[in-house]
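In the structure tokens that follow, a single protein chain appears in two forms: structure 1, then structure 2.
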Structure 1
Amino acid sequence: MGIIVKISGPVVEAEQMRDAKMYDVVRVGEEGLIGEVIRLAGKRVAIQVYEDTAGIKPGEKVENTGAPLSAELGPGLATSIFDGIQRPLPVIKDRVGDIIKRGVFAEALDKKKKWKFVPSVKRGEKVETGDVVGTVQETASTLHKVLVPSGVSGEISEISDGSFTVEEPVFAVKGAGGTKRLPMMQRWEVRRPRPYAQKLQPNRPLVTGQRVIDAFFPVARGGSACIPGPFGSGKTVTQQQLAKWADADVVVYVGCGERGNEMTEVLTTFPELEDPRNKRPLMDRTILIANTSNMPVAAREASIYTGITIAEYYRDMGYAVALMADSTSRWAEALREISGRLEEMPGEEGYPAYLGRRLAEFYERAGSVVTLGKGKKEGSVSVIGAVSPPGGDISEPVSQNTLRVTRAFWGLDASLASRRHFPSINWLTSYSLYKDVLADWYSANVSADFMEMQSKSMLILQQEAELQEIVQLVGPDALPERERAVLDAARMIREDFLQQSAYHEVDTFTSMKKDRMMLKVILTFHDLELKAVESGIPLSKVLSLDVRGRIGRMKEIPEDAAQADITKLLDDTEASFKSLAPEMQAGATEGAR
């Protein structure tokens, strides 16, 4: 048992702890606050405490549990809301009321609840780590697979069928070291990545239902993306949109040092929303980790590890998992604060020198993998991290280190947000390095010409940026008609395609098929508009065509009517140009089809 000798914010130092190992979980002070060993230096041990340390005195005791910080993994995770060290917030509320108090010990999974376990192996079957021995219908949309835990292999000597708690043994494995009777639940150290058989090259997108992402800057399943942006630019809304509409089987949402009301919003809206693919409540596939800004910083540091461990666990069942972390900057600040209390030599802007390594280690836990076990299951964890750079300037260490390890970059822009262009993803600075590996998928699943339409649209937007510089000097009226037609097309792409309201019941989600049709209409209009202008028709006539208003409202067309309505709009577009200029040859429109 150790004795506290110093308290400084979330960091406590203790002596007389000879048995302490790095990352051991300890109980601090008379109240037994939860902490973790983070430095061993001579006879002094530094501990980060996951709860408020006010009132603690030198001389109080520290007890070592000898075990590292671990997550409980098993049925009951889905629909839960935990704090950063996986304590269920509803249980804390029941115990101490509406204000979180320290010293509450609450286990992650409900140990009394019985789950119906359906075996999928027979006695005598050979199993190894990662194999599925049975399933539990965890929620209407999540089939929880019970996996053989790490280090266990051999022959099934017992297998149950029926209802059990997560701790009751449901199967036994006879191996080299004897027979092990095992429950549905397992534990895993949060700071250690869960192993897999093989990492795969990502080859399909995480379809998000957000046009600017799916069409222009896709993230692959098993890939990583970052969203940097100043306050109020839309990081949280974008992440919540992905949590709602991305085609993942399981979503882990880590609210890491952000607002309490944002977690409440997820808790109140998700149960009412349904997955557009299977019509089941979105909450059924969602796990929330809420360690808000005013909750202890050390637990904030731990929260992203708790989150990604849960994500990897579902990945190991063969699921596509998406993890959102809002915001990794607050995680980095927690790291900085603890490092400062340890009086470590500060690196850039006071962040510890190991910031870059820790960020890289975290994002490396994303990936598309072949899991352990005989089934060769394929699962993935996609990671989307928000970054909150001071003043919105991404030349700071957290943004820069994140850019190095993530492959899709969605740069949010204050000037777009202030004119209510949402999502305020800047189309000129953002990028996705997944475009090339996903090209085949797009050709096969959306359309052969999709990539071409995408680069064509991008080109128009780039031309717009160049033309805008000229306009700044001479005014728009001085531009030739042809250039003004380009500005017009760019405006259509921006307003009628890129802008997407999270709050409009239809607009909030768009399928890739509809993305393609919308772009098709806009690009066709533009081709015809260029031809019209070239044949001497004034642009003002083109701009007053009736179809333009309808193009502006394509986003409001519900998915099930999209095919018919947008095809009709495409025909009408061509027809209205014909009526505009009967002399325009029919052949002229051929290229657009």
Structure 2
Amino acid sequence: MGIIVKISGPVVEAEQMRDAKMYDVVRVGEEGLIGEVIRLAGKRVAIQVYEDTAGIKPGEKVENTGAPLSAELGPGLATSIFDGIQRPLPVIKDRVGDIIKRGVFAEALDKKKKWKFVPSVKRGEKVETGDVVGTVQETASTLHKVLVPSGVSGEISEISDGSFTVEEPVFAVKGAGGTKRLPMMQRWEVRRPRPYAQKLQPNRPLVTGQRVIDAFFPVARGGSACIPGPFGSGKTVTQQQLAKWADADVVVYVGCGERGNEMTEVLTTFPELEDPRNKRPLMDRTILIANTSNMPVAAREASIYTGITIAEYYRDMGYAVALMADSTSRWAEALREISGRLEEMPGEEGYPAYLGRRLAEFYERAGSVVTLGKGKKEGSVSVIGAVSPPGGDISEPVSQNTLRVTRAFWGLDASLASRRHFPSINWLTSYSLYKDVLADWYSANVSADFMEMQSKSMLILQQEAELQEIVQLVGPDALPERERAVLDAARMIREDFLQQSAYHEVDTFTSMKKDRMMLKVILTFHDLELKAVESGIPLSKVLSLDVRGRIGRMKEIPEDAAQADITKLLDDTEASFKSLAPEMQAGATEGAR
């Protein structure tokens, strides 16, 4: 047992802690506040406390649990709402009310609830780490697979069938070290990545239903992406859209240091959202971790580790998991505050020198892997982190260190947000390094010409950016007809394709097939538009065609009618320009003279 000798905000120093190890969880003070050892100096240790330290004084005791901060993993995780150190917030609310009191402890998983365990192995069968020994129907959307924990292998000597709590033994493995009777629940240190057999090259996209991402700046399943943007640019709404529509089996949403009203919106709206896959509540396959900006700063630092450990656990079952971290800037600010309290040498803008390493360690836990065990399951964790650079300046350390390790960059633009263009992802500054590795998937599952259409669309948008400088000087009417046609095509791509409403029943999600058809219509119109202009037909006459307005409304065509309706729109577009054929021919003849 140690004695407190110094208190500096969330950092407490204690002496007489001879047997303490790095990252041991301790109980601080008379109230037993939860803390973690973060520095050793002989018998003196520094502890980051996950709760408010006001009122604690030197001389109070510190008890070492002897175990690192670990997550409880087992049936009951889905639908849960935790704080940064995996305390269930609804349980705490029922116990102490809306205001969380210090020293309150609640177990992450309900130890009294019984789950129906269905075995998938038999007595005498050989098993190893990562093998599935049984299943639990955790929710209507999630089948929980009970895994052989790390370091265990041998022969099944006992296997149960029935309803059990997460702590009751349901199977036993006889190995070299004797027989181990094991429950459905296991614990894992949150700062240590869970092992896997092999890491795979990403080869398919994480389909999000957001056109600007899927068509222009895709992220691979098992990949990593960052969303930097200033206040009000739509980071949280974008991540909520991804959580709802991403092609993932399980979603882990980490609200790391965000404003209380934003997290309140998440906590109240997510339970009411409908899963588009099966019309069940989206929470059936979602885990929320809420750590708002007014909660203790140390718990904010731990929250993303808790979230990604849970994500890796479901990955090991063979599921595709999407983790949203909102935002890593607040997490980095927690690192900076704790580092300052420890009187460490500051790096750029006061952040600790190890900021880049910590960010890399977090994002490197993303990936598509072959899991441990005989089944050779494939699972993935896709990490999408929001970054909140002060004033939108992405030259600051958190943004720059994040860009070094993530392969997709979705730069949000405040000027687009002010024009009500959402998602406000700037197509000139954003990029994705996954395009080349996903080209074969697009060719096989969307169309052979999809990547070509994407490149052509980006070229038009870049041409528009170059022309805008001239437009600002002389106005659009002074441009030749051909350049004005380019501006019109760019406007169609921006407003009729990239702009998307998260609150429109149809427009909120678009499949890859519909993405391709929409681009096909826009680019076909543009090609015919250029031919008409070159034939001497005024651009105003082209823009007055009826199909021009219909193109602007095709985003509202329901998915089940998209194939027929957009194909007809494409045919009508070609027919409309054919009606101009005599004039086009006459214009060409006049030009020849």
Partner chain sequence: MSEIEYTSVTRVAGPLLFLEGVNDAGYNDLVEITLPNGETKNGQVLDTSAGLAVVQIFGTTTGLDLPNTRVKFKGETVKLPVSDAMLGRIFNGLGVPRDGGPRIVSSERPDISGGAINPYSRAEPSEFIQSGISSIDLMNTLVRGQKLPIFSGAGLPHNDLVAQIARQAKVLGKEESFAVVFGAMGLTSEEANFFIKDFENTGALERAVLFLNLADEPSMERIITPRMALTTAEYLAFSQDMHVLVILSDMTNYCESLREVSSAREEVPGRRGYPGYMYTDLSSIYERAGRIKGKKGSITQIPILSMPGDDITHPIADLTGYITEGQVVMSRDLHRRGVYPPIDVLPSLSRLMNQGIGKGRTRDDHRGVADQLYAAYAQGKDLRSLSAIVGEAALTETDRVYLKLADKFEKEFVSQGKYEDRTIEDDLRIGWRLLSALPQGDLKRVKKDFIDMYYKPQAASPS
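So that the term is clear: the rigid core is the largest set of C-alpha atoms that superpose within 1.5 Å between two forms. Here, a residue number simply tells you its place in the sequence of structure 1, counted from 1. As the structure is a prediction and not an experimental result, all values here were calculated from the model.
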item: Form predicted on its own - structure 1 or 2; value: 2
item: Flag for Ala140, CA shift 2 Å or larger between the two structures after aligning core; value: no
item: Rigid core fit then Asn278 CA moved by 2 Å or more between the two structures; value: yes
